[in-house]
Ligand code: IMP
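The chain below stands alone and is given as structure tokens, in the form predicted on its own.
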Amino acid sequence: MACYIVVGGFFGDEGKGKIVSYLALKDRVAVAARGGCGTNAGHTVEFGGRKFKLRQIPSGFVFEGARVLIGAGVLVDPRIFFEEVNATGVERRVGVDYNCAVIEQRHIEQDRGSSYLSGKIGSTGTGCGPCNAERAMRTVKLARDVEELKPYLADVSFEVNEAIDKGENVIIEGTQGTFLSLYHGTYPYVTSKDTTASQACADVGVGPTKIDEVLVVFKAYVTRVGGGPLPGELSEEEAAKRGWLEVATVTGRKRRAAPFNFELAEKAVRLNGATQIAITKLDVVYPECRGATSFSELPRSAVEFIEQVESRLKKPVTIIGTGADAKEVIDRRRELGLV
């Protein structure tokens, strides 16, 4: 049994939602807890013929036996929270930490009304930056102060630690990507808090010694939405030609694209203390991989890419995404002796 942290290795959009949903189903997790910033980060989960675009509910909700929790470090917008509770059907098994800060309409208006945030930085306009600023000033409203949230309030740190101490499987889901970290990213083109694995621990109230595996997720190419540097950036025309032109889950904006960046990946492994690596959308770069569930099914070109990743990053690639559905995955953990 294990406690996994799953975080993004680039600028977000790496496919963490898919990886978390797969692990939740495969490992039959007792708890799926979300860390991260707030509603500015969207995770897409395709399961059972449906597509879910989640900004609050953990992607691990797909396993019906999982308790789904939102950690104290996460910002909660009650309107979006209730929309997702209804869409996912998790009303009886979802919990929001008492100390989550609450996004109010005025935060959204401040975010969208700021020419600096919405213009230069490329903010999502969801109110997360202004809300986190208020939290730092110790004036923000917390979940425990909102009447409509009271039936869902929980001590997330207690629940997560209790599950770990019982030897149950737990997954902690980070949001965005390493290089959107307020501390370690491409400042000022970053989000309003840290996004690395250590922050995910703090967000849900788990000490680092309780973590068994840190899984850093990389896409087989790099994308970024909003402002800031993107080494090796392709033209929109070239990205479209390669099939790499994507649309952001939260904002609907086109994502900028570039080839896989080994230097950034090496730094992400170091910053997060990665023990394992996941690669998603291998099927986009190598279409003949689509739907593969065994490493032996991969063409030589794709195998060579995976081998290069392992050689450069010095960590095993344990999970490989080969399609959009949660079950379109190659899981190498048993083959590599890691389960």
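Here the structure is a predicted model, which means the values were calculated and not measured. For every residue, the number given is its place in the sequence shown, counted from 1.
Another form, the form predicted in complex with the named molecule, is not on view; read the next lines as being about it.
Contact check for S157: no non-hydrogen atom falls within 4.5 Å of the named molecule in the predicted complex.
The named molecule in the predicted complex comes within 4.5 Å of no heavy atom belonging to G17.
The named molecule in the predicted complex comes within 4.5 Å of a heavy atom belonging to G12. By the criterion of a heavy atom within 4.5 Å, L245 is excluded from the residues contacting the named molecule in the predicted complex. Partner contact region in the predicted complex: 117-125, out of 117-125, 206-214, 259-267, 163-171, criterion any non-hydrogen atom within 4.5 Å of the named molecule.
Checked against the named molecule in the predicted complex, the candidates I70, V45, V31, A41 yield a single residue with a heavy atom inside 4.5 Å, and that residue is A41.
Of the listed positions (A197, V190, L230, V94), a single one reaches within 4.5 angstroms of the named molecule by any non-hydrogen atom in the predicted complex, namely V190. Of all the residues from 209-242, those having a non-hydrogen atom no more than 4.5 Å from the named molecule in the predicted complex are V225, G226, G227.
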